[in-house]
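Just one chain is shown here, as structure tokens, and it is the form predicted alone.
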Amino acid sequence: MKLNNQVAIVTGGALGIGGGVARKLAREGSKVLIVDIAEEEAKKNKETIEENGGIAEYLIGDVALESVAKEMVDLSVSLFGRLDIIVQNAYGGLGAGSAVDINIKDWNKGLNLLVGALYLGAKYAVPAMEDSGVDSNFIPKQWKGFGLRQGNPPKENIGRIINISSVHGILNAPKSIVYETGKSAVIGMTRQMAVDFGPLGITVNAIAPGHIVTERGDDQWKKVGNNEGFRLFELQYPVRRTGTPQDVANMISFLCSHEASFITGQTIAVDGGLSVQLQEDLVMDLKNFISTNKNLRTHFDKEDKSRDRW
């Protein structure tokens, strides 16, 4: 239980990636505050954690609101006595379209959630992490020899901020300006926060997931897609499978541990190798599969043409 005695906030922690992260951190010994707008699902995930011996609570609220960002930090400290980790994962469905298509209201709403909420989370979490100090499990290393300086060591393992970006922050898809801009901004924000908060002993990293099949994603695949369509997605990944919330949670658990104290400002793609492939070769490899499975359907297929690329 490498996170024993630590306290974590997971935004969007009711379902999906956030739900898996909340369960994983709890299994590693962290007390977890789930923050979400889905009350029934948040309560259920809390109960699941408790049934497996963990400690969790939930708060219902929109993390894009400053009042909620402040409340979640205050609540974690009042409930559990400290704050060590914040995983900023909350996300809501956003409209598709280019800069010409998207209206200003949807643009502002989307960027406020994708980027503004992460600013607010850090704004209130960082002082709470500083006040909490190092957790009781941390044993400082001997600060001399092997290239380390003499004198007093720097602050270390005071806190962890994990921002959820996406492969869409690295590679862009057509007609998705709000999502692509927001997830790209998360990467830049992560770097800036790493520079600002590193001297405080707080590391800041981003995760860029690939296609992660969550509870709702699985339902959509069953409703709209078929086996051939799912196989098409699997064939796009060098590891020949899509991801699960557990894949992302495993990486986040490591980044939150003491072993990861020298990793900061990084965007780590948990994407089965999707983003390292040359797309021209990938398309050529897949063309035969597509041509011989003409009835394949993916969970992105819809009757409307809002996702048309051409």
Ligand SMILES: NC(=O)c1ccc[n+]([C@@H]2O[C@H](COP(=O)([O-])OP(=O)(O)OC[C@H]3O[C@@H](n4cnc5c(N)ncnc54)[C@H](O)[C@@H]3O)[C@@H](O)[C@H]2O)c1
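Numbering starts at 1 and runs along the sequence shown. It should be emphasised that the depicted structure is a prediction, and the values quoted were computed from it without experimental measurement.
The form predicted together with this ligand exists for this protein as well; it is not shown, and the discussion that follows is about that form.
Q: Within 4.5 Å of this ligand in the predicted bound form, heavy atoms considered, which of S76, S166, T190, T203?
A: So the residue touching this ligand in the predicted bound form, by this definition, is S166.
Q: Of the options G116, G110, G225, G210, which one has a non-hydrogen atom that comes within 4.5 Å of this ligand in the predicted bound form?
A: Selected residue: G210.
Q: Is this ligand in the predicted bound form near all of A38, A90 and T214, within 4.5 Å of a heavy atom of each?
A: Checking in the predicted bound form: A38, A90 and T214 are all within 4.5 Å of this ligand.
Q: If you check in the predicted bound form, is A26 within 4.5 Å of this ligand, heavy atoms only?
A: Outside the cut-off, so no.
Q: Applying a 4.5 Å heavy atom distance criterion, does K183 contact this ligand in the predicted bound form?
A: Close contact exists here: in the predicted bound form, K183 approaches this ligand to within 4.5 Å, heavy atoms only.
Q: So in the predicted bound form, does any heavy atom of D62 sit within 4.5 Å of this ligand?
A: Within the cut-off, so yes.
Q: Consider I9 of the chain shown here, and say whether it contacts this ligand in the predicted bound form, taking contact as heavy atoms within 4.5 Å.
A: Because no heavy atom of I9 falls inside 4.5 Å of this ligand in the predicted bound form, the answer is no.
Q: Work out which of the listed stretches, 29-37, 279-287, 251-259, 48-56, brings a heavy atom within 4.5 angstroms of this ligand in the predicted bound form.
A: Selected stretch: 29-37.
Q: Who in 1-36 is close to this ligand in the predicted bound form, meaning a heavy atom within 4.5 Å?
A: Stretch hits, in order: G12, A14, L15, G16, I17, G18, V35, D36.
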